[in-house]
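In the block that follows, a single chain appears as structure tokens, in the form predicted alone.
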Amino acid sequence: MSDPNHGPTGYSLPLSPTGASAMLTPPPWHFAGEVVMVDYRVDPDRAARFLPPGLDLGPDPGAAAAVFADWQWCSDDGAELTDPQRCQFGEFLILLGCSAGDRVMARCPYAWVDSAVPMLRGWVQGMPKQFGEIHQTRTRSVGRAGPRFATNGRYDGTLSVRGKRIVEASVTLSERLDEPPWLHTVPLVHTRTFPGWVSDTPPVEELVTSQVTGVEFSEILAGEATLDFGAALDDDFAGLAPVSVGRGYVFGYAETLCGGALLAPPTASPPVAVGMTG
């Protein structure tokens, strides 16, 4: 029974007497998904404009990736899995290679999801999530209405925002890889920012990474890829359009997101962190 003198509570809004109405459950959060990813290159000068103080372009200036993912998630008790509408969502994000001192990392300047809970969860982490319509090819084990997870399979992904097709990608698989693409293995670094609301209160602004355990990759298939940015949202987004397109990848991925940590000084030992989801 809740304490009537304590008032409503919860990990997030809305607050309620027991906290059960909160939109977000507290971490850890478990994720498993299917990923369609394309490596590409951007203008390094444009990429640098998306990096806050403390970060630089790292050992491979202009390295970028476009990532589509079809996720299923749950809290530690697995309760969300009984409600597929609640535990499933699509996501698209852009990754930029960067470094914090000698730590190679990745920065996510844009991300879209198709459900409210992962959007709010992203804001808590510092991921810049917005609403979009995300679709990607799904593997099928029978019939002709989808590819097998095998060489010669073709996988496509699309992102639409406010009725406009923004990104299209395609990967035609031709080989198996022993290692995942590097931009999906390095820690992500985010800016947690919340505007001040009370007069003369400064905004919250923190450079953070995610604490991640239980990282798993399925077999990884790769092949020739295409990537096109369609109707640009604005000049900033257009600046991250591909200068050239590299390989594409399809794989399964899982992780447990345990929370966050302030970005440590470059001389400190890095935390175990990847954090592709939210």
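Quick note: we count residues from 1 along the sequence shown, nothing fancier. In this text the structure is predicted, and so the values were computed from the model without any measurement.
The same protein has a further form, the form predicted in complex with a further copy of the same chain, not shown here; the description that follows concerns it.
At a distance threshold of 4.5 angstroms between non-hydrogen atoms, His184 is out of contact with a further copy of the same chain in the predicted bound form.
Proximity of Lys129 to a further copy of the same chain in the predicted bound form: non-hydrogen atoms within 4.5 Å are present. Within this chain, Phe229 is remote from the site of a further copy of the same chain in the predicted bound form, having no heavy atom within 4.5 Å. At least one heavy atom of Thr191 is located within 4.5 Å of a further copy of the same chain in the predicted bound form.
Interface residue among Gly62, Gly246, Gly58, Pro27 relative to a further copy of the same chain in the predicted bound form, by the heavy atom within 4.5 Å criterion: Pro27. Within 4.5 angstroms of a further copy of the same chain in the predicted bound form, the stretch 85 to 114 places a non-hydrogen atom from each of Gln85, Arg86, Gln88, Arg107, Pro109, Tyr110, taken in sequence order.
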